[in-house]
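Below sits a lone chain in structure tokens, taken as the form predicted on its own.
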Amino acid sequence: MNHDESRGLYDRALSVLAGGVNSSVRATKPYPFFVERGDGAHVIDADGNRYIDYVMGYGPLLYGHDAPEPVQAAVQKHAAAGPMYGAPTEIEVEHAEFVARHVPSVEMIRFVNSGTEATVSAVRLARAATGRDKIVVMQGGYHGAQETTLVEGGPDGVSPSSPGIPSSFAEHTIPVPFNDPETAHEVFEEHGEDIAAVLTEPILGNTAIIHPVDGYLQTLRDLTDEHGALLIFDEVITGFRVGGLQCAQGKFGITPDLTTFGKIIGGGFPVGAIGGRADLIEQFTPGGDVFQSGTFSGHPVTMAAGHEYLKYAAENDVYDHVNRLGEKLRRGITDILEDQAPEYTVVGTDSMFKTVFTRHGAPDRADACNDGCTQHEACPNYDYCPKTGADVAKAETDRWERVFWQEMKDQGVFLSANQFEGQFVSYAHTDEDIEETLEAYKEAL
């Protein structure tokens, strides 16, 4: 493939953008290809190269790059009426009503502008509602670019994971390993009276899609109830992607006190939201005293896109289609790995998927999960599959980025550029796309 135009654009970008990009995950080596336009399940770069796209904007593009006609019509209507107003609009109410009808935890909602803003606001609300300061998070979990959760270490020692964050911020955060109920119990035994909330993704979506072991989320629900803390699910990635309109909390049958959203809830436009129990959400200003505000919050174009996105999914076979193709892809990759790389692990659920380049696997994989790792104890690979963020970090991360990703790109398949980010099937993908992708996997592996 020729990439002269992308190389030239990157050279220009390095002079005016930090690192040549506006989000660090886009900085692929030796340089990123620059997208000119999307077309269904594909993107076309500045040099005219065409790729099957499984990045899908890192999750929000449930319908691919060509949204259904009702979505496009709603966006055009609201954009033509005026960009924004600094006053409420009816579409905000309609979208909120739809979400509250379908998501188990949501009685009220506050729309904001990003997933980061949603989790920042949820943490502030949890601290105010409980009168406590400490937040329990999962090692390897990601909750946006906020000081409370950009930490590293464990329960016995934590520090900021980025320069520019005072160490005093990290003192109020307790990282624990995902899927480790024993450590969760120990932390609550020691700090229970000071813990405001547990903040977790129901599936670690930014750490190669790690599925919870049976009973782990229920353990967190029980511990927070017992100690008067809140349970916050970060469903920025899984929301309306896993579990359909009920989200991952519906799929797993665990109802948190608060839920943060982003991505799909805005129909591909910048968005975030905090939903949950009415007695909590109504504590935000102006109804309560917990400050939360934003100039672009509830932007009418975003609200219209998100509302039509979800309505279309409710009225059509969207989840049947994307989940079927997701399963077909995971099963196909699993079959390829049996012959070419049995030590690797396929992860994912619904329309999410990833291959983790784990370094070890069960000697006999005959009865292993064939539709992505779901942490079943009867699976012969149970002791080998990743259960924490640290497990994924031990995988062959450099091989993914420097070799595999490059080879898949050269075959016209666009995957997330590192070992940690999930990948997504859209409503625009076809069986032919899946088959072409599996052939590319055979070559690249």
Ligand SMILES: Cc1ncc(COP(=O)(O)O)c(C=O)c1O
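Keep in mind it's a predicted model, so treat the numbers as computed, not measured. We number the residues from 1 along the sequence you see.
Omitted from view is the form predicted together with the ligand, to which the following refers.
S.K.: Answer with yes or no whether K354 is in contact with the ligand in the predicted bound form, where contact means some heavy atom within 4.5 Å.
M.R.: Looking in the predicted bound form, residue contacts with the ligand do not include K354, since no heavy atom lies within 4.5 Å.
S.K.: Can you check whether Y312 is within 4.5 Å of the ligand in the predicted bound form, heavy atom basis?
M.R.: Judged by the heavy-atom cut-off of 4.5 Å, Y312 is well away from the ligand in the predicted bound form.
S.K.: Can you check whether V236 is within 4.5 Å of the ligand in the predicted bound form, heavy atom basis?
M.R.: V236: contacts the ligand in the predicted bound form.
S.K.: So in the predicted bound form, does any heavy atom of Y319 sit within 4.5 Å of the ligand?
M.R.: So Y319 does not count as contacting the ligand.
S.K.: Residues H211, T358 and D391 are flagged as a possible site; in the predicted bound form, is every one of them within 4.5 Å of the ligand by some non-hydrogen atom?
M.R.: Contact check failed for every one of H211, T358 and D391.
S.K.: Report the stretch among 370-378, 84-92, 138-146, 244-252 that approaches the ligand in the predicted bound form to within 4.5 Å, counting heavy atoms only.
M.R.: In the other structure, the partner sits against 138-146.
S.K.: Here the chain is shown alone; which of G115, G348, P256, G306 has a heavy atom within 4.5 Å of the ligand in the predicted bound form?
M.R.: By the 4.5 Å heavy-atom cutoff, the listed residue in contact is G115.
S.K.: Only counting heavy atoms and a 4.5 Å limit, does any residue of 358-391 reach the ligand in the predicted bound form, and if so which ones?
M.R.: Not one residue comes within 4.5 Å of the partner.
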